[in-house]
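In structure tokens, the next block holds one chain alone, the form predicted alone.
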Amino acid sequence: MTLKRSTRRRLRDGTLYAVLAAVVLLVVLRANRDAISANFLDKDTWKELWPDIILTAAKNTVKYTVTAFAGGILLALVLALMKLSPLRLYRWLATAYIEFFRGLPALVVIIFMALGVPLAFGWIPPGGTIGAGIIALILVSGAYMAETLRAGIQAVPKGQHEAARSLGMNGLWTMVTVILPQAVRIVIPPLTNEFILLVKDTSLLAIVGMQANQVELTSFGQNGLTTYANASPLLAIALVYLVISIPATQLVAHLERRQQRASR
């Protein structure tokens, strides 16, 4: 007997749901709920984390992210314009910079800026090791965002540029008032993705060490794990990271849907 296509689809979906339910049930039955509660949901530890987890750790995480993003996008704009320059030397320099910093792990750049630069040049960046780490994030994120901005600038129709020049605008004014606003609108979703990545990359700053009032979420969680000998701080900072990043991911999805509707 040959089953109808709709029947086969229902049987397939039912089988997949049954397998998923069996896996979830197996995990629940195998989990040691007492151990999980004692190690991740200790009430006394959660009380001790409040309010510093928000007023210090989360605030510093957002502050470091916004600073690195603002610096990175300014650097990216310069690099993108250099890469689109008619001068070959400028294009080479921008390409070399972008390829260099995109090829290095952000952690290596942070350690180099925080520890290598003071040793090699006797110069301590503003803000000490944290300032050096933020500069490293600016250098790395600028390399990634430069390619995003360059793609956005090139996506603006050439007719826009020609129309502005026909109105008597010079090249700089055309770029600032006509091309860049349209390019930024095009690349807002990928730039927002870069912002989300920076939120998570601030956790790398924990490697250079910091004072109590400088801790971001990951350092705060590590310190809590050591102080209370309990994993509750790690679960707490994970939830705060999600509170910060999920609205941003939803914003990206909204912007992408709006762009898709506008392009139809």
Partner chain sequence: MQNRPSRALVAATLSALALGMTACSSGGSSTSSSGNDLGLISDGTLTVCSDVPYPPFEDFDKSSDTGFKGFDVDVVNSIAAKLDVKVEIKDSSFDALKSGLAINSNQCDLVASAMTITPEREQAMGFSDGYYDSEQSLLVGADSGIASISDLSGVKVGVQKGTTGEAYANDHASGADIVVFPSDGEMYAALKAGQVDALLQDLPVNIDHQNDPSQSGAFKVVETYDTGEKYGFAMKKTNTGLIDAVDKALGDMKSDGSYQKIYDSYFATAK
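Numbering follows the first chain given and starts at 1. In this text, rigid core is short for the largest set of C-alphas that superpose within 1.5 Å between two forms. This is a predicted model, so every value here is computed, not measured.
What comes next is about the form predicted in complex with its partner chain, which is not displayed.
K.L.:
Is Leu26 near its partner chain? Define near as a heavy atom within 4.5 Å, in the predicted bound form.
P.N.:
Result yes; Leu26 sits at the interface with its partner chain in the predicted bound form.
K.L.:
Can you work out whether Ile207 and its partner chain are in contact in the predicted bound form, taking contact to mean some heavy atom pair no more than 4.5 Å apart?
P.N.:
Heavy-atom contact with its partner chain at 4.5 Å: present for Ile207.
K.L.:
Should Gly128 be counted as a contact of its partner chain in the predicted bound form, where contact means heavy atoms within 4.5 Å?
P.N.:
Because a heavy atom of Gly128 falls inside 4.5 Å of its partner chain in the predicted bound form, the answer is yes.
K.L.:
Heavy atom to heavy atom, is Gln250 within 4.5 Å of its partner chain in the predicted bound form?
P.N.:
No, Gln250 sits far enough from its partner chain in the predicted bound form that none of its heavy atoms falls within 4.5 Å.
K.L.:
Since exactly one of Ala212, Leu239, Ile36, Ile54 fits, which has a heavy atom within 4.5 Å of its partner chain in the predicted bound form?
P.N.:
Checking each option against its partner chain in the predicted bound form, the one that comes within 4.5 Å is Ala212.
K.L.:
Give me the residue from Asn60, Thr45, Gln222, Thr67 that has a heavy atom within 4.5 Å of its partner chain in the predicted bound form.
P.N.:
Partner contact (heavy atom, 4.5 Å) among the options: Gln222.
K.L.:
Select, from the options 115-123, 187-195, 165-173, 85-93, the stretch whose residues sit within 4.5 angstroms of its partner chain in the predicted bound form by heavy atom distance.
P.N.:
In the other structure, the partner sits against 115-123.
K.L.:
Taking only heavy atoms into account, state which residues of 224-257 are within 4.5 Å of its partner chain in the predicted bound form, ordered by sequence.
P.N.:
Contacts from 224-257: Leu225, Thr226, Thr227, Ala229, Asn230, Ala231.
K.L.:
Relative to the superposed rigid core, does the CA atom of Leu242 travel 2 Å or more between the shown form and the other one?
P.N.:
Comparing the forms between the shown form and the other one, which are aligned on their rigid core, Leu242 does not shift its C-alpha by 2 Å or more.
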